[in-house]
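What follows is one chain in structure tokens, specifically the form predicted alone.
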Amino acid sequence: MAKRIAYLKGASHIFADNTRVNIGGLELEVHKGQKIAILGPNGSGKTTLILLLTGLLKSSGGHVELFGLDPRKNFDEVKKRIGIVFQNIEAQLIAPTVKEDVSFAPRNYRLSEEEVLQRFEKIMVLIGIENLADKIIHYLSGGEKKKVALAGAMVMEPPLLILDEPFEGLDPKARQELASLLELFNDLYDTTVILSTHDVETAGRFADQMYIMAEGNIIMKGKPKELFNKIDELKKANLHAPGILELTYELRKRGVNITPTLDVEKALGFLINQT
């Protein structure tokens, strides 16, 4: 079995006003090279889970582990091995220009200027945004800012990439482009990817393991196809399966001899043959 990268079970955090936020339910266990999607509606606890997992919030109970370490107690060690793209991109992009922002991490690790430039150019070409190198970040589109933040997170080629609601605010084409980039990093570097989202369709095409959250609890886990076949349970978590799967599922319920599927071509072929 692949090496375990992350683990979380029964974690919680107590805020300054003594409000306790709990992440309960099933355990989260992530192994090297996996593509993980954490799905749930707004307010389900996805962001809190990510902040606990990365050590940005202290867990007051349960078990939280990253690379075999307590991420809060060993934050300086684990932060070198993760790239993070936050939901609030504006707060993450801290330099005036794209080049300065993407180069920040390698400079902060005191790499030579030659290596800083090499890493910068490599990641910009890989993501396909080399034309943005000298642009002022403030004037970029939302999709361009997401790609710049991704470049900054991946410039040091960390073994783990964590993204909080990365598809938020993007049109369908931009969402698919971003998902394709995440798959590229996974293929090229064997990067483990953990992302939170309420975009069920994009997550379903991207992830090989999914976790469903509702009201602070992980209520289901499994492969996309397994979970998407539990459509009634998804609806209870205020989520909807991809449209094509819901359509074939409803046809099946109404007596049509069709196997629920995520494959548009299969569904289309069946429906054509029935006409």
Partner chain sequence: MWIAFLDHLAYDLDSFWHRASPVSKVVFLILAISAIIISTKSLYLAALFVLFLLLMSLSNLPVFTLSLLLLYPLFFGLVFSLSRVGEAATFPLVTLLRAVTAAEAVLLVLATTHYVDLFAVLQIVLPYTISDTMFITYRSFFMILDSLRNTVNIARLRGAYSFFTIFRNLRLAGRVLGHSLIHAYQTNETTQRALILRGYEGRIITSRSALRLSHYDFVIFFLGILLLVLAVVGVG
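Since this is a predicted model, take the numbers as computed values, not measurements. Residue numbers count along the first chain shown, from 1.
The form predicted together with its partner chain exists for this protein as well; it is not shown, and the discussion that follows is about that form.
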> Is Gly143 one of the residues lying within 4.5 Å of its partner chain in the predicted complex, judged by heavy atom distances?
Replying inline: no
> Applying a 4.5 Å heavy atom distance criterion, does Phe86 contact its partner chain in the predicted complex?
Replying inline: yes
> Should Pro71 be classed as touching its partner chain in the predicted complex when contacts are defined as heavy atoms within 4.5 Å?
Replying inline: no
> Hey, in the predicted complex, is Asp199 touching its partner chain, heavy atoms inside 4.5 Å?
Replying inline: no
> Using a 4.5 Å cut on heavy atoms, which of Leu170, Ala105, Ala179, Met124 is close to its partner chain in the predicted complex?
Replying inline: Ala105
> Which of Asp190, Glu130, Glu100, Glu115 has a heavy atom within 4.5 Å of its partner chain in the predicted complex?
Replying inline: Glu100
> Of the listed stretches (50 to 58, 28 to 36, 242 to 250, 221 to 229), which one has a non-hydrogen atom within 4.5 Å of its partner chain in the predicted complex?
Replying inline: 50 to 58
>> Can you list, in sequence order, the residues from 145 to 180 that come within 4.5 Å of its partner chain in the predicted complex, counting heavy atoms only?
In response: Gly152
